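Structure 1 and structure 2 below are the same protein chain in two forms, each given by itself as structure tokens.
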Structure 1
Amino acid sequence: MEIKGKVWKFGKDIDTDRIIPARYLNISDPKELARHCMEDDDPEFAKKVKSGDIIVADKNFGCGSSREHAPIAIKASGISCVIARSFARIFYRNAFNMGLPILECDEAVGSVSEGDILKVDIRKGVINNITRNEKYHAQPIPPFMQELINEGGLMKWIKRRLTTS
């Protein structure tokens, strides 16, 4: 799975209230949620993001609530992948379960700037910075999580287990 897009950069401890404020949690439609993605940081974010773009953030991305609305809003906004130094654990689970690719990579976070163009091979965990002509290696994704990605998320993984058993 290869992804190419422009970088939107964020700082550390970006919590789920910043990704999608609770005032929109009475909605569950992905397109409507996407319109408010990151809006308290940048009210124009949803308008500016192009399909395929990539979020690069510092440590502990997605901390706070368990709301799956957060990865749903990110994915529906057109973001193809999130790269961070680390992810809060519920966000990490949610992203794999619902099929938003995420990678942990200190090197990339330290080197890329907003607006850089990255080409990312999710399976291999290789991040190419086209703008700077650099290459970074992300933390390997555990085999079980790879299996979830290959299957297309947790529900598809379960469906296959239910039909084969």
Structure 2
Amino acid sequence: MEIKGKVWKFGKDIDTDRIIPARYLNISDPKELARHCMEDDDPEFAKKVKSGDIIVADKNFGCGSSREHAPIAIKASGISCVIARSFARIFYRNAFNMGLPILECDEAVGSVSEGDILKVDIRKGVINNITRNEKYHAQPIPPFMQELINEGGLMKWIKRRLTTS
């Protein structure tokens, strides 16, 4: 699976309350959650992001609570992938459960700038910075996790398995 999009850059320790503020946790509609994604860091983020764009962040992305709203809001906003130095473990699991591809790559985080265009091969873990003509290598997403992403998340994967068994 290849992804191509514009980079939106964020710093370290982006917690789930910054991804989707707690005041919106009573919302279950992904499109409505997307309207509030990252709004406390950038009130115009949801209006500016385009389908396929990519978030690049420093370490510990998704720390804080275990809310699934965070990867849902990111994915529904149009973000196709998140690249960070590291992810909070519960966010890491929730992202795959929701079908949101994530990659850990120090090299990319240190080199890319907001607005760069990246082409990401999540199967191989290769990140090409089209803007800078650079290539970075992340740990490829394991095959089972790729299945979850391709199906749109864990629940859709389970549903398909139950209907084909």
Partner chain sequence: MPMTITEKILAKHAGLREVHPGQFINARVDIALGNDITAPIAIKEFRNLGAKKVFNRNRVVLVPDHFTPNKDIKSAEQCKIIRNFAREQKLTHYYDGGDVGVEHALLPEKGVVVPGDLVIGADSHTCTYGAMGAFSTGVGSTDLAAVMITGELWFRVPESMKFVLKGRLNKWVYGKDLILRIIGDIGVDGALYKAMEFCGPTINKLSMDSRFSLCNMAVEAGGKNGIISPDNTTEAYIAKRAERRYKVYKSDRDAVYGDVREYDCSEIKPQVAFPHLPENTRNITDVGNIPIDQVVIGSCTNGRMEDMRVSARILRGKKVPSHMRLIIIPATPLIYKQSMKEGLFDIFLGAGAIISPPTCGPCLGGHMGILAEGERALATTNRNFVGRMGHPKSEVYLANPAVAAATAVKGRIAHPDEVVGKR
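Heads up, when I say rigid core I mean the largest set of C-alphas that superpose within 1.5 Å between the two forms. Sequence positions of structure 1, starting at 1, serve as the residue numbers. Keep in mind it's a predicted model, so treat the numbers as computed, not measured.
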Panel number for the form predicted in complex with its partner chain: 1
Threshold 2 Å Cα movement between structure 1 and structure 2 at residue 155, rigid core reference: yes
Rigid core superposition, residue 140 Cα moves 2 angstroms or more between structure 1 and structure 2: yes
